[in-house]
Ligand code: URP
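Given as structure tokens, the chain that follows is alone and in the form predicted on its own.
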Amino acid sequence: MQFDTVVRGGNVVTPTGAFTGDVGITGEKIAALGANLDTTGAKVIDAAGHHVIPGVLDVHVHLALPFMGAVSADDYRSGTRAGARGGVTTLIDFAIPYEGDSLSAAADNWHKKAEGKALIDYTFHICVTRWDEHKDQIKGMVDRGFSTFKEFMIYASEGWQSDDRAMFGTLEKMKEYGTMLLVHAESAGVLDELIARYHTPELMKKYGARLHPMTRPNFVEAEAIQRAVMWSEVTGGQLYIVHMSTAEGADIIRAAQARGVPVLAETCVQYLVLDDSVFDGPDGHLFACCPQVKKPKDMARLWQGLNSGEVSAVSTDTCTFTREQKALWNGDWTKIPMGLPGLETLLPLTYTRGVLEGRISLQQMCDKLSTSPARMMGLYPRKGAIQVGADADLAIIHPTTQHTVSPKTMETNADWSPYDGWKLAGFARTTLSRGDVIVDDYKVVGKEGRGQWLPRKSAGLATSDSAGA
């Protein structure tokens, strides 16, 4: 067998284990795995002394999102270049209807954001923001190739909030169509009450950005997760909790899964490596995200959940704002554009703080960053694993070589980083997307606009082996 490309001599991580050997690529697909594959006429990529892992799927990203009076600073050009440098080969953004828009119009708007810019492959979660208008449009979006939908339990001011009736009804439709509902779980009424209590000039002067975590105690997330789980349990609709940040949330998910509720959960890498002490510094407002980073005990519980299974994926919730945009707060924490840059550092942070520090294994990392996300989002077996027939999406990383995080050397449009000065291993020396080398020697070399939209037929673990092609 002859190949177009052979990745030679690396530690190749597959779903069934790792081996030292080669990956043979023909066209866009992995054609063979083995030792000493024939390199006649092939481009040879030397991976000796490196890990060869499946390209990362960041299934929770917001690019060029209008939010809180600003537009997130990473678009499909900078965002997908940042992702590629961090070994990300597929991302899933959220198509949110603008005022009065249908679900189909929302998808069209997000397609326009990506066209001609995306370096890596992508698809969208479709956000249901006005249940009475959107409920009869869901089936059309399923037919169009979308299998994941999203509802927010907060953000009434943005026009995005869904109530219990909407979640209940949407989960019924998820059950009917074999699709999955993603939920941002925070308790709006209690959260709004706590914000109102602290929203005084005196307290804002005294506490500053610390008011962000002070008004979002853990029970704000935990109660909302419990309520969403209830609606999943009674409807049988597949539920996915996004950006879970609390120990209590992980406990609820574990208990629900034990009694057979069709619920899954992700966490984001910031909740694994940052705690709320970041708000104590002079730049504390920069770290405002939603939900906010929590306590060390929550970090420890989420790592535990990655090991024991109730946390199925690590994503980023990338929503980049510059220092100038963050400065819109002007001392009022309720006006900080909430979000952090993350695509470029997802893999390095998870590898350095997880694998190298002994919290998870290399195999577990590949499962949580690639294989499980692909399965849950209806992209497996095309994406998410190094196996014959899959897309040739690969990241080649050195086991120990470190790079210092600095916005000056990164692809993101952010002029700051939550991890500025951190020394991290796991940046991609080489990234391949469908057989194309898009990162070489840690530099982006791929052509923007080559990324493809990925249609899907199903979502959730029960139906995850059929991916749209």
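Treat the numbers as computed from the prediction; the structure is a model and nothing was measured. From 1 onward, residues are counted along the sequence shown.
Keep in mind the form predicted in complex with the named molecule is missing from the figure; the text below concerns it.
Participant: Where does the named molecule sit in the predicted complex: which of 390-398, 338-346, 164-172, 276-284, heavy atoms within 4.5 Å?
Facilitator: Selected stretch: 338-346.
Participant: Which residue, H62, R429, H50, R434, is the contact with the named molecule in the predicted complex, using a 4.5 Å heavy atom cutoff?
Facilitator: Comparing distances to the named molecule in the predicted complex, the residue within 4.5 Å is H62.
Participant: Using heavy atoms only and a 4.5 Å cut-off, determine which of L194, M204, I138, C290 is in contact with the named molecule in the predicted complex.
Facilitator: None of the others qualify; the residue that does is C290.
Participant: Looking at the named molecule in the predicted complex, do all three of Y155, H184 and H243 come within 4.5 Å of it through at least one heavy atom?
Facilitator: Yes, each of Y155, H184 and H243 comes within 4.5 Å of the named molecule in the predicted complex.
Participant: At the 4.5 Å heavy atom threshold, is F67 in contact with the named molecule in the predicted complex?
Facilitator: Within the cut-off, so yes.
Participant: Taking heavy atoms only, is V314 within 4.5 angstroms of the named molecule in the predicted complex?
Facilitator: Although the named molecule is absent here, V314 would stay clear of it in the predicted complex, with no heavy atoms inside 4.5 Å.
Participant: Quick one: does C319 come within 4.5 Å of the named molecule in the predicted complex, counting heavy atoms only?
Facilitator: Heavy-atom contact with the named molecule at 4.5 Å: present for C319.
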